[in-house]
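Just one chain is shown here, as structure tokens, and it is the form predicted alone.
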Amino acid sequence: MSSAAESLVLDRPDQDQKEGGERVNPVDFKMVTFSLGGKDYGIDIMTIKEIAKFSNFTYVPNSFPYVRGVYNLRGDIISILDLRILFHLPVPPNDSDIENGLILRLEENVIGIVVDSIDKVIGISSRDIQPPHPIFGDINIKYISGVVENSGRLYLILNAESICSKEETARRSDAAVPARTQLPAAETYSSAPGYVEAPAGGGGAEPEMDFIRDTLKTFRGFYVTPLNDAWFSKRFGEWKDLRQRKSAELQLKSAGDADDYLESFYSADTGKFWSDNLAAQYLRILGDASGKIINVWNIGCGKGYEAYSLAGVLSRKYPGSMIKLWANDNDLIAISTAPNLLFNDEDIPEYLSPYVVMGKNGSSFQTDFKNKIFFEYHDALHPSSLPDLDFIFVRDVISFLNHENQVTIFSQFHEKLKPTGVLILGDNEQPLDSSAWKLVPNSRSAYKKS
């Protein structure tokens, strides 16, 4: 299996089954698995905020040995704990400064933990979890909530609450660090991988524009580049008028202010099924396919609403073709639940209704329809083995990459897309290199290779 930084495999039998005449307990517990000191561990997926790559910690003097330092996670200062040191386990040699890790959230408490490597997501039955046993004497038993066997491997399930309570003790030694200290940002697999400084932007007609550029990056990992600068400049004028009418400060003071500023950036029907009207627009944009198999890459599919909408449009546009839709996201919880999405029947637009089946817990999609889509945890910046593509849908995602990564991913799109293929960006995005792409006639954000 490839590293978890590239993909996670989700094992998820969702109902009682019979194997060899015996009933198997239903899956009701999902955990992310990883290794520490040569042993297999798991932690409840509901406590995990992100999978991360950590580097360049800011060391805190007089802190506990297991505290690797503190980190700036998009404006929030969090502690990074090394579980290997906390559990008195060997730390393998590492030729780079980058460590594998997880970011945990319990209520309002957010911490990062360093591990050896991350494996996958597995689904198990909570009935199969056994209480911890003193034989695991190398780790304090209070950090283990149970043990479980799966596919011939024994997993120790960590108690996230105990780890977070340990962080509370560590935090007291970090109290001398100012809450807004300028620290290196985390290289997380989230909406803005890398967090490398973009080339000095600025150059705005007003100094406030430069400040807002910086604060959008800090609060929401949004990078203003030629990709979205036309929208940003227009929005700045609107924002300035709005704040003056409200006698409010122009500057963004919080993540909430950043969200308000970005409100008009997002594409139509983001985070929900596309309306019949939007589906009709895409039906007009999509051209003739070059083969009997339609290969599509949907990046940033979230909980799956966009992927299912796209599959419905493609199924209507190319009824005689086989649809293969790779739907990727780096939101671990979202991509884990997308294959089994449930919804209310009244929320389904007309073009998707032929593929819906009613169930006792709500509506879902028919198996044949779902089989068109391959949901996978994946960071689009990492190498991909996808075939040449007919379509790439990547709405509102690239703006959350730094400039260097934007250049990289556009190069990847140009290489992967067939000569007749179509790239669809967000409503307020455009390619960085206008000479390499041409706008599809009568479209707002669909492009072909020049």
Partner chain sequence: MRVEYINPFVEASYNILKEVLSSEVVRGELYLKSSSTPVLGVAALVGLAGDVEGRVLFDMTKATAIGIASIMNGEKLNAMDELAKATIQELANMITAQAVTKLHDLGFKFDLTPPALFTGENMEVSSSQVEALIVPMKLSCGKIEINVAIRERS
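Bear in mind the structure is a predicted one, so any value in this text is a computation, not a measurement. Positions refer to the first chain, counted from 1.
There is another form of the same protein, the form predicted together with its partner chain; it is not shown, and what comes next is about it.
The stretch from 47-55, 381-389, 421-429, 396-404 that comes within 4.5 Å of its partner chain in the predicted bound form, counting heavy atoms only, is 381-389. Looking at its partner chain in the predicted bound form, residues Gly300, Ala307 and Leu310 place no heavy atom within 4.5 Å of it.
Only one of Tyr377, Tyr223, Phe365, Phe232 comes within 4.5 Å of its partner chain in the predicted bound form through a heavy atom, and that residue is Tyr377. Site annotation in the predicted bound form: the residue of Val114, Ile335, Ala160, Leu252 reaching within 4.5 Å of its partner chain with a heavy atom is Ile335. Proximity of Gly75 to its partner chain in the predicted bound form falls outside the 4.5 Å heavy atom cutoff. Taking non-hydrogen atoms only, Pro339 approaches its partner chain to within 4.5 angstroms in the predicted bound form.
Taking non-hydrogen atoms only, Ala279 never approaches its partner chain to within 4.5 angstroms in the predicted bound form. Within 4.5 Å of some heavy atom of its partner chain in the predicted bound form lies at least one heavy atom of Ile373. Taking its partner chain as it sits in the predicted bound form, the stretch 252-284 never comes within 4.5 angstroms of it through any non-hydrogen atom.
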